[in-house]
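Okay, so here's just one chain, in structure tokens, the form predicted alone.
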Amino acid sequence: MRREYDVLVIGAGPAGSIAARTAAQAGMSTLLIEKRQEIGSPVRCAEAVGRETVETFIPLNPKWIAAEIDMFSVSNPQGDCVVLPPIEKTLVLERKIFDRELAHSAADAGAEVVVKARAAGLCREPNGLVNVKLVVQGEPREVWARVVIGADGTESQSTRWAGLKPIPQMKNYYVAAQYLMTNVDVDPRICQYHVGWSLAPGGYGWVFPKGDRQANVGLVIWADPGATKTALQYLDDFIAPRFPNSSILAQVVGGIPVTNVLPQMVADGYMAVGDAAHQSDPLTAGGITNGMQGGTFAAQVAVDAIRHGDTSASYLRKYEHMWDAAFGRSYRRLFRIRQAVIKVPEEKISQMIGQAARLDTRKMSLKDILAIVVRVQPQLLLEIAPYFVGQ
């Protein structure tokens, strides 16, 4: 490990690996560190991605594709079900393998990859370099970088060290719980969504097939300090009647901010990407390819800043502008739609799904969906309509 790098990336998830690869491909000396001893573990998402989007970052490889999805279904607690084609062809990943492949591509591009290397602090020095304190294999180390990219996830420490404000209000958090289950009898080409506040207050449940009668089964709920049940208890109640003969191979729990991105994603010599920057979808909390795009933008700006000899926050703010041009308007809409939807009573949501289930989904149009909303919950349409004509 050198003493000094052009770019140091904290966290070897998809966002961090893509950032490191992009910087290294541009000729920057790049260090990618991962605090865990194994890249890709533990898996902390439902693992679904858009096929065409992910293919722009890495060639498709069967070894990290667990399932290919043809349709999505949306169900209410009464059993009504709407089956729809996905907006984009969808894959369910083997994240452990996928993440390692991305880190491997960063190393192939020239980045130095180090595991069991935890960032323990950072500060920008008068000469413009960022001093990063590390603990590598249990031993303290220090390195310096012209730009640090924080991709250290939802529990990001680097954002706080950089002086950003990463902690949103509790109401803008999802609490997630998921099992990898085996002996699950589901259609292997349909991703299921289950909506109902009695199942998952303020959130939703999912069943994403992974082939060989395995599936990720999970849910997210609104973070409520007064809740009497945990996300895991809701998940146990969800799976008990649906998969009574299945077994659990893995379990994961965690928090996901659904806030739109951080108000500021940059500081002098620093940029946040992926979950550290709250780049997960404000409606569904999906974040794999969003973070990869954020990592690309940040690294491109880092390369430009280093070449121009200006790594100040004012220069790095180009990254925020790039993100906003690509995602800003849609993210603002999705955030406000989620705020509106969680106010709708469960019986109204169930009615909308029930009425949609009686339509021929092959011919269903936006007009049909709006007609259902007007009949069942016209206030919802009034709340979200302005966000489709404005910002």
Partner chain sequence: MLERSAVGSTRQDVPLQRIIAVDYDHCSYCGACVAVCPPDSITLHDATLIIDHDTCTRCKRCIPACPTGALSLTMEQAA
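Positions refer to the first chain, counted from 1. Every value quoted in this text rests on a predicted model; they were computed, and no experiment measured them.
One more form of this protein should be noted, the form predicted together with the partner chain, which is absent from this view; the next part is about it.
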Review point. Taking heavy atoms only, is Arg160 within 4.5 angstroms of the partner chain in the predicted complex?
Key: yes
Review point. Might Gln251 be said to contact the partner chain in the predicted complex, defining contact as any heavy atom within 4.5 Å?
Key: yes
Exercise for review: Decide whether Lys318 counts as a contact residue for the partner chain in the predicted complex under a heavy atom distance cut-off of 4.5 Å.
Suggested key: no
Exercise for review: Check whether Asp185 has any heavy atom within 4.5 Å of a heavy atom of the partner chain in the predicted complex, and answer yes or no.
Suggested key: no
Practice item. Given that the partner is absent here, state which listed stretch (171-179, 95-103, 240-248, 205-213) has heavy atoms within 4.5 Å of the partner chain in the predicted complex. Key: 171-179
Practice item. Let me know the one among Leu283, Met71, Leu232, Ala109 whose heavy atoms come within 4.5 Å of the partner chain in the predicted complex, would you? Key: Leu232
Check your understanding: Of the residues Glu125, Asp310, Glu155, Glu88, which one places a heavy atom within 4.5 Å of the partner chain in the predicted complex?
Key -> Glu155
